[in-house]
Structures are given as structure tokens and as C-alpha cells.
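There is one chain below, alone, in C-alpha cells, taken in the form predicted on its own.
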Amino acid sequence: MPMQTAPRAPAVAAGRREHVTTGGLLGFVDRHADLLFPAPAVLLIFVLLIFPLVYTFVLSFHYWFLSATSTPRFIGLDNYARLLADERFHHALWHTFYFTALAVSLETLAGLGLALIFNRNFPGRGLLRTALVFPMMSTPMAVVLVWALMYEPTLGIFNYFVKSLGFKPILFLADKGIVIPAVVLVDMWFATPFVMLVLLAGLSSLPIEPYEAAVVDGASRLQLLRYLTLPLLRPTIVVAVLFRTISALQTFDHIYALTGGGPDKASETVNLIGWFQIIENNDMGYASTILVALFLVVGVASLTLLSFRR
């Protein structure tokens, strides 16, 4: 007589229920993977970026001093009307544009020249390229203090050479006419290696065939640069200019450390007056309005450069 086994229906049923439950959860994840997987990153971006922007924009319509015990009071467009009539803001906006245009132009030209040099093979290329990247890895404030010492009228190395040539010392950081170019020189030291690396990557990706055909047709090096390299490299140049423009418009640290906006507010930028409104006047509402204006300037500049790229 065959042996009879005990029924296992309850266990099988439990296993089936577990399979159905798990399958349902996995099925939900599979159907909504395009929403669930990016959700943590989107949430992080919202918390770290979107929320501060929205909060700053909302605060720009309020009157609020940090030293006051009252809560922010809605005043509509009064802060924006004040901004349009503020001569200090107008001068700071001009200084911001002047600094950005001069810095980005010189950094792009210098970076393009270095990229063209390092796109060729020559002894010691790797060592020199590594040395030029060192400014990107240095501590900004420490380097800015070194530059401040080099600009010093009596002990600085720049004025040492100026005096050795028989000229009077130059007040690099105390002369209204040259203070922004002096700060631009510091910015070039930091940012030119970045432009060089971006353009060098673009040069390495250019096709070889047009150059070979142009050389066969008798094109000179200058013609190759003008009619082939620069047109083919234009999208990469625009990307480098875009990144540097955004960064230059937002520059704060080395301008503040070198000049503090002086002399007589001659190097004061939009970022600096926003900082001073918070630190000196505790005026969060008006400072938020200034930062919103700066955000609009950066946005317009970015969209304009992107249109050139397209």
C-alpha cells in the first residue's frame, strides 16, 4: 500500500501569496522606474537649489531686517523700485559687466593659445600641462593673499620691477582706473587653465580628414587655424565662454579679499553689494532683490550664449 503524504496546501498557498505580493511590488517599481529612480536626486536638487531660489524670490517682495523682532512684511514691488533708482547698484552692475567682459575675453584668448600649443607633441608637454593646472587645485583665499602681497606698493614684486625701470610705484589696488584689471589678472591665473583644458579636449576630438585635404591643397598654418580649427572649435569655445561667464558674473571671494569693493566702491560688483546689504545693513529683503537681479543677468547671459552655440 503506497505511503500517503500530509497535505501542504497551506504552505503552497502562503508561498503563492508571498509571490503575488512581491510580484506586485516589483511590478509597481518596474512600471514607475522612470519616476522612482530619479526621485532622490530630484528631491536633493529641490532642497539644495530650487527651494533657496524660490525663497529668495519670495523674500524680495518683503521688508525684513535680521535685527528686527518682527516677521517679514509684504511690500510688493517697493524693493524693485528702490533697486532701479539705486545709483550704487547701477555702478555695481557696470563693474560686474566690465569685470566679466574683460576677464572672459582674456581668459578665452589665453586658454585658446595654450590649447593650441599643448595640442602638439613636444618634450615635456605633460609636465608643463600639469604645472599649468596647479592654480585650479590651489586654495583660493591663500593664493589671493599672495597676490595682495605682490601688488603691495612698497614691498610687492610687481612694483620692484616698476621701480627698477625708474618709474613710480603703481597702486594696483588703490587706483580706480586699474583696480578691476588688476583683479582680472588674478582671475585669469585661476581660470585660464580651465579654459585651456576644455578647448584642448575639443581640439583632440576634431576630425583629421579636413586638415589632410587642406594641406594637400596647399593651405598654410594660419589658413588652417582661421578656416578649419576656429569654425570647428566654435561650439566648444562657446561652452567654455558660457561656464566662465556664469562664474565671472558671480565672482565674490577674491574681489572681496583683494579690494573689499574699493577704492571708493570702484571694484564693487552686484554680489558685493548684496553681501554688504546683509552684513552691514541686515536688510534681507533688499539683498534678496539684488540677488534676484543678479540671477536674471546670469540667466540672460547664459541663454544668449546658448543661442550662439545653436
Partner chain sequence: MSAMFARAAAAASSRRRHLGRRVNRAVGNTLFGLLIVAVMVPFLFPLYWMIASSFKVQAIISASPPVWIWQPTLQNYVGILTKVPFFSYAWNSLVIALSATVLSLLLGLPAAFSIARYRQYALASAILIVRILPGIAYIIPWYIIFSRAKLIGTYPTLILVHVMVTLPLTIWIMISFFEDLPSELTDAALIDGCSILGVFARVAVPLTLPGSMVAAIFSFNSSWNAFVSSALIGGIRIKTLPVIAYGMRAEYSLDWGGAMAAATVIVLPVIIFTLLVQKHIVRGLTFGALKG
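Between two forms, the rigid core is defined as the largest C-alpha subset superposing within 1.5 Å. It should be emphasised that the depicted structure is a prediction, and the values quoted were computed from it without experimental measurement. Positions refer to the first chain, counted from 1.
One more form of this protein exists, namely the form predicted together with the partner chain; it is left out here, but the text below deals with it.
Engineer: For M137, is any heavy atom within 4.5 Å of the partner chain in the predicted complex, or not?
Structural biologist: Answer yes; at least one heavy atom of M137 falls within 4.5 Å of the partner chain in the predicted complex.
Engineer: Considering non-hydrogen atoms and a 4.5 Å limit, does the partner chain approach A266 in the predicted complex?
Structural biologist: No.
Engineer: Quick one: is L114 in contact with the partner chain in the predicted complex, heavy atoms, 4.5 Å cut-off?
Structural biologist: Yes, L114 lies within 4.5 Å of the partner chain in the predicted complex.
Engineer: Evaluate A219 for contact with the partner chain in the predicted complex, applying a 4.5 angstroms cut-off between non-hydrogen atoms, and reply yes or no.
Structural biologist: It does not: once the partner chain is placed as it appears in the predicted complex, A219 has no heavy atom within 4.5 Å of it.
Engineer: Sort through 226-234, 208-216, 140-148, 76-84 and report the only stretch with a non-hydrogen atom within 4.5 Å of the partner chain in the predicted complex.
Structural biologist: Only one stretch qualifies here: 140-148.
Engineer: Any chance all of G177, A182 and L305 sit within 4.5 Å of the partner chain in the predicted complex, going by non-hydrogen atoms?
Structural biologist: Zero of three within 4.5 Å in the predicted complex.
Engineer: Are there residues in 96-135 with a heavy atom within 4.5 Å of the partner chain in the predicted complex, and which are they, in order?
Structural biologist: Counting only heavy atoms within 4.5 Å of the partner chain in the predicted complex, the contacting residues of 96-135 are L114, I117, F118, R120, F122, G126, L128, R129, T130, A131, L132, V133, F134, P135.
Engineer: Align both forms on the core first, then report whether F37 has a C-alpha shift of 2 Å or more between the shown form and the other one.
Structural biologist: For F37, whose C-alpha is compared between the shown form and the other one after core superposition, the shift is 2 Å or more.
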